[in-house]
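Next comes just one chain, in C-alpha cells: the form predicted alone.
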C-alpha cells in the first residue's frame, strides 16, 4: 500500500519506519526539517513518568520496554554503533542521543525504500490524500490547524551544562544525566500548561527554578545553553491513534512522554 505521513517528529518517523519495514511504500512530509518541532527539544531520557496504571502509563512503559531491541535493530540496519545513540541506566531507565536518533531513523526508512520530503508544509490534507491508500497525521500542534483537533501545550525547559556526573538522576519533574558528548550534562524540565505555543523568552521564574534544582544536586556544573520546548498534548491521551475516516489516521499529540511512547504506536491498518 501507499502510505503518506505528515510530520517528522518521533511519532511520524516511528510509524514511517514500521510501515516501510512492513513492505509499504512510504512518503513522509515535514514542513521544516526532521525533528524541528517538539521532538528535537527533548532530552532523550526514557523514564516512566508515573507508577500508575492508567492506559497512557501502561503504553509508555510498553514503549520504553521496546526500545532496547529496537535500538539494536536500528544499529544493525544502519551500521551505527549502538553505544553512540542508546544507553541503559538500569531499572528500565534508558537514554537516547537526541542529536542522532532522528537521523538514524530517517536513514533506516530510506534504506527500506521510504521517502522523506523536508521543507514541504502541508496546508490542506486533500493535496496528499489523492493516489494514496492511507494518510497518517503526526503533526503535533500542527494537527490543530489541519483537523481542528484540540491541542494544548505543555511547556518545558531543558539545559546543557559543562561538567560531569556519573549516573542518571530522576526526581519529581527533574532529570539530570550525562550527555553523549563527554563532559556535558543534560537537565530538564520545569512544566506548565499553555493554550498556545510560547514564542517569547523563557520566563525568568521557570529558568531560575530549573537552575536552582540542578545546582542543589550538582553545584559544580556550569550552564552552557538553555531552551524551552513547546510540547503538544491532547486530552484524552488514549487511544494513541484515531481514525475519523477509514483512510485517515490522526496520532495523538504525545507531549513530554513521546520518546518513550513512540514504539508503542501501531499501524492502524
Ligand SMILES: Cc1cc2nc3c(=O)[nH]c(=O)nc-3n(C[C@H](O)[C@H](O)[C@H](O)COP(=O)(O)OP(=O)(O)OC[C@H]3O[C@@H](n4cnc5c(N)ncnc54)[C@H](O)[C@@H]3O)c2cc1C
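Keep in mind the model is a prediction, meaning the values are calculated, not measured. Residue numbers count along the first chain shown, from 1.
This next part talks about the form predicted in complex with the ligand, which is not shown.
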### Query
Does every residue of 7, 229 and 254 put a non-hydrogen atom within 4.5 angstroms of the ligand in the predicted complex?
yes
### Task
Would you mind picking out the stretch of 103-111, 71-79, 151-159, 194-202 that comes within 4.5 angstroms of the ligand in the predicted complex, counting non-hydrogen atoms?
151-159
### Of 45, 211, 240, 59, the one that lies within 4.5 Å of the ligand in the predicted complex (heavy atoms)
45
### Query
Does at least one non-hydrogen atom of residue 121 fall within 4.5 angstroms of the ligand in the predicted complex?
yes
### Task
May I ask you to state whether residue 223 is within 4.5 Å of the ligand in the predicted complex, using heavy atom distances?
no
### Message
Considering non-hydrogen atoms and a 4.5 Å limit, does the ligand approach residue 142 in the predicted complex?
### Response
yes
### Task
Consider residue 41 of the chain shown here, and say whether it contacts the ligand in the predicted complex, taking contact as heavy atoms within 4.5 Å.
yes
## Note on the structure
Taking the shown form as reference, the Cα pair residue 150 and residue 240 shifts by 3 Å or more in the predicted complex and sits closer
### Query
Closer or farther: how do the Cα atoms of residue 237 and residue 192 compare in the predicted complex relative to this form, given a change of at least 3 Å?
closer
